[in-house]
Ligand code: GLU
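Consider the single chain below, provided in structure tokens and representing the form predicted on its own.
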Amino acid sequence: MAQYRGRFAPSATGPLHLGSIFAALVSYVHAKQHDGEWLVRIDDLDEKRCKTIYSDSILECLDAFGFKPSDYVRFQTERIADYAVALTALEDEGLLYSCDCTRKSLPRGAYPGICRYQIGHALVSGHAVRIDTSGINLEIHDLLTPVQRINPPGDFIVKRRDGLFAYQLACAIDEHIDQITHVIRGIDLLESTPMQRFIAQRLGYQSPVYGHFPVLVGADGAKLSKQTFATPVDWGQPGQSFAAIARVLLLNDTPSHTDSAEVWIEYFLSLDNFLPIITKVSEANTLSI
């Protein structure tokens, strides 16, 4: 296994926006400053929302912004068989059960275990599949944020009622297949860490080291995301996006907004204290543009 192997894993549900570029930049810089490899994985399991046109757009955008992966691009849709094998292994351990609860029927918060009595019974087609999280470790020793303890997630879903493998299961398997040693991602995904780590442990995998950084938010305080219709970045002027990130981080003596992506990447790589800068400038784990 590589000494350091990181990744950037955008979902193929739309073009990249400034928050996406920031996430790619942080994971890329962290990998390269540790003489590590940096991979790109396209999360494209959701057949209704994920489109090939978005996958192509994402990869072209990353190239235009100077983010060069160390190996070939991975796609989750190529790993359905791997997810199925992992699901069977978890079922054989007696950890899975079918659940026919609807979202509307459940109280807010962690799943209360209504269908846990189904453990030991055959999984039912057309029902969601949940995993018994008894004994889950909720403490996170994070690279970038203080030690935190996450609220219990309850018995979360590992396979949806529509037959699609759930994000938490797929992501845990992906990190193992790709031999990822470090997952550097936004703090909005912090609560996913215990769940993904739990699956990895139950399958006998070695979990990656995790680091979660503050996310970019707009003037309304909402995280920049495809769901909030964040404006796509301009591939033809990557310097403008990098300059915007530099302004948010209160950086001085930066390249010009007209400089190339390569110039900006070299600049960010030259900042030995890049991640501490991000943490220092952030307020409440967010960075406002």
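Fair warning: this is a prediction, and the values are worked out from it, not measured in the lab. Just count from 1 along the sequence shown to find any residue number.
Another form exists, predicted together with the ligand; not displayed. Remarks below refer to it.
- This chain lacks the partner; the member of His182, Arg185, Lys159, Arg197 within 4.5 angstroms of the ligand in the model of the complex by a non-hydrogen atom is Arg185.
- Only one of the listed residues (Tyr83, Tyr111, Tyr167, Tyr205) places a non-hydrogen atom within 4.5 angstroms of the ligand in the model of the complex, and that residue is Tyr167.
- Residue contact with the ligand in the model of the complex: Pro10 places a heavy atom within 4.5 Å of it.
- For Ile119, no non-hydrogen atom is located within 4.5 Å of the ligand in the model of the complex, even though that partner is not displayed.
- Among heavy atoms of Arg41, some come within 4.5 Å of the ligand in the model of the complex.
- Among heavy atoms of Leu189, some come within 4.5 Å of the ligand in the model of the complex.
- Stretch 167 to 175 is the contacting one of 135 to 143, 121 to 129, 97 to 105, 167 to 175, since its residues have non-hydrogen atoms within 4.5 Å of the ligand in the model of the complex.
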